[in-house]
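Consider the single chain below, provided in structure tokens and representing the form predicted on its own.
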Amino acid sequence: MTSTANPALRARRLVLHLVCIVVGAVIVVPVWFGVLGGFKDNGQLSVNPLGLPDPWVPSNYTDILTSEVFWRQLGNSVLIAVTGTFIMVAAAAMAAFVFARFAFRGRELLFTLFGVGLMFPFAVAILPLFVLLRSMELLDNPLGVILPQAAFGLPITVIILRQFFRTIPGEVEEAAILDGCSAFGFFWRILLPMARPALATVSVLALVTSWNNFMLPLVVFTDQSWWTLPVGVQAFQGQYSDDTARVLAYVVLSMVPALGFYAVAERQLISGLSGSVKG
């Protein structure tokens, strides 16, 4: 029985490793192509797309890094991503606390509405959202991007945080109440510190989603001084359509902040997702 089980187990592991290698290659090869392509000229890209540059052309990167437009777009992306994430996580944490720790009539119905929000495609709402933002005079205003992004991110954030809050034992809340702690005091002083992994998880997801958002800033911002990096990449590609190497350098530099933040917060992201699944 052991002799038949071992080959089957080895075959399963081999298939799993092959799948991991293929998935890793699908992810790494384009990144490798983009990073090295930014150090080449167009002639090298056509002759040797995946090989090392010969000679290296660092001016593609240095010209972008010394450009005021790139840093302005980077600052806009940081402002919108950080502010939108803070608003969304703060609102979602309070809503999830109510759904997780309070019993009231219609609670599950209201919570179901947040679940329905996951099935509402953002593209369907772009036209009425544009009309609404125009009537509120929020076009060419960062709030015109921040508030809708926070609203569309609320459903998944509330669901994740509610599951995590429900794993906190009721005895902890009872002990806090006996010590004279109010409901908000328990939420602020005890629950939020215990929920740091979950808060980090939803914050990472919100930041990366906001960073990669292209459609909403494109619709809201007609003033180029408010463009974010995704919109800037599109404009840069149109401006330098005949210089693929320079475009690759711009794309790589626009990805670095989000990839760096994700790499730093990866452990918190995994532990937070694990906690929400267990709940």
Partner chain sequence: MTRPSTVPETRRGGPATDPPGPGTARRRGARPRPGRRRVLAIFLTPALVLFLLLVIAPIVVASYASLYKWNGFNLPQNFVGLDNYTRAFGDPTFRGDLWHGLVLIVLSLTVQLPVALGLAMLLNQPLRGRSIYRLIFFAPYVLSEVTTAVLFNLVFSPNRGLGDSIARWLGSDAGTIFADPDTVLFAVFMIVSWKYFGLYMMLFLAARQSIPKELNEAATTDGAGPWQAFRHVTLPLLGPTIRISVFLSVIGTIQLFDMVWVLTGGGPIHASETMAVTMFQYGFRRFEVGYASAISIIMFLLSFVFALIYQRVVLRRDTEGAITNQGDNR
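Superpose the two forms; the largest set of C-alphas matching within 1.5 Å is the rigid core. Positions refer to the first chain, counted from 1. Because the structure is predicted, anything quoted here is derived from the model rather than measured.
There is also a form predicted together with its partner chain; it is not shown, and the following applies to it.
Proximity to its partner chain in the model of the complex, defined as a heavy atom within 4.5 Å, holds among A125, M194, A175, L79 only for A125. With the partner omitted here, the residue from L36, V247, I64, V57 that has a non-hydrogen atom within 4.5 angstroms of its partner chain in the model of the complex is V247. Although the partner is absent here, G115 sits close enough that one of its heavy atoms falls within 4.5 Å of its partner chain in the model of the complex. Mapping the unseen interface onto this chain, T83 falls outside it, with no heavy atom inside 4.5 Å of its partner chain in the model of the complex. In the model of the complex, its partner chain lies within 4.5 Å of some heavy atom of A91. Mapping the unseen interface onto this chain, E137 falls outside it, with no heavy atom inside 4.5 Å of its partner chain in the model of the complex. Contact residues in stretch 146-160 (any heavy atom within 4.5 Å of its partner chain, taken in the model of the complex) are L147, P148, A150, A151, F152, L154, P155, I156, I159. Once both forms are overlaid on the rigid core, the distance between the two CA positions of N212 between the shown form and the other one is under 2 angstroms. In a rigid-core overlay of the protein, G232 has its C-alpha displaced by under 2 Å between the shown form and the other one. Core-superposed comparison between the shown form and the other one: the Cα of V31 travels 2 Å or more.
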